[in-house]
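Just one chain follows, in the form predicted alone, and it is written as structure tokens.
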């Protein structure tokens, strides 16, 4: 049976499964879910084997909120011998198809992380063996996901079990398991800074950074203290108005790029319409934040907004759907064209990150 394997944050398998099942049904593709709690891996078993590749061609990964990465299975679970694992994997794959890159992956769990050393050790001989068998191309560092075809995935459940599959390079994450490995900057006042760093990497194409993430821009950070998100704006050379009743880190204030206004983020209105970025990571009801972000964009107070919506303990997928629909309804009522994406990013926890702008 052909299946789609989806990676998500452990504990969010139910939301990830509900979303792929719903989106697949919109495309008249059906199957059933196999979930294992807190494993960060979801299996969507398709009734029609042809729907595996068809679905990952039709449905943009960027439209899936809770899925970090995905692939279509080529094999069922393979039992590996203690020796000659490379040969066993090559034999299971056959030589009917070629792939442009290889991803060695594990579940995002403590047990999975313990396999990382094993995967690193196996990766070199496996790549060499796959190239010799002409299953893996020799593109190496020249591999360009915008131009090239497919990626081979090897999901190791243990040192003796692996599932093989493929994704389409143009519609999959460039990161192993969909996880960017970002380094926490020692100058940042809080670890929340990684949320906005990842959001910019994920939502803004790198070839547009010179026009959309450049120095000299004006930005507003609502709920800014102590300055984790403000730090990401400052390091990119922006001038920031930080809104929070709490104190900001002195290191940020000393840059001369930050003006701190001690007030409620829901009450602040900019004096001039020269703000490009609005960012917000307030611990507030998501419906309230969604409405505020929409109003900023509709009133022309900012050009783009990046914000987090907190998730409830139960009914998380339905709540996310409702919150995003609130934004869409407001935009549609005002007859504006817009771009709206949401993702449960790696450095998010009980929230999703949303990017919105009018176009």
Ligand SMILES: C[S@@+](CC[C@H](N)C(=O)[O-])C[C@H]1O[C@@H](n2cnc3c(N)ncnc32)[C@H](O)[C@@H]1O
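Bear in mind the structure is a predicted one, so any value in this text is a computation, not a measurement. Positions refer to the first chain, counted from 1.
What follows is about the form predicted in complex with the ligand, which we do not show.
Here is the short version: of 177, 282, 126, 219, the single residue with a heavy atom within 4.5 Å of the ligand in the predicted bound form is 282. This chain is drawn without the ligand; in the predicted bound form, the residue among 241, 192, 106, 150 with a heavy atom within 4.5 Å of it is 192. Contact between residue 263 and the ligand in the predicted bound form is found at the 4.5 Å heavy atom cutoff.
By the criterion of a heavy atom within 4.5 Å, residue 229 is counted among the residues contacting the ligand in the predicted bound form. Shown alone here, residue 112 lies farther than 4.5 Å from the ligand in the predicted bound form, counting heavy atoms only. Residue 223 belongs to the set of residues with a heavy atom inside 4.5 Å of the ligand in the predicted bound form. Heavy atoms within 4.5 Å of the ligand in the predicted bound form are found in one stretch of 282 to 290, 67 to 75, 114 to 122, 197 to 205, which is 282 to 290. Residues of 319 to 348 include none with a non-hydrogen atom no more than 4.5 angstroms from the ligand in the predicted bound form.
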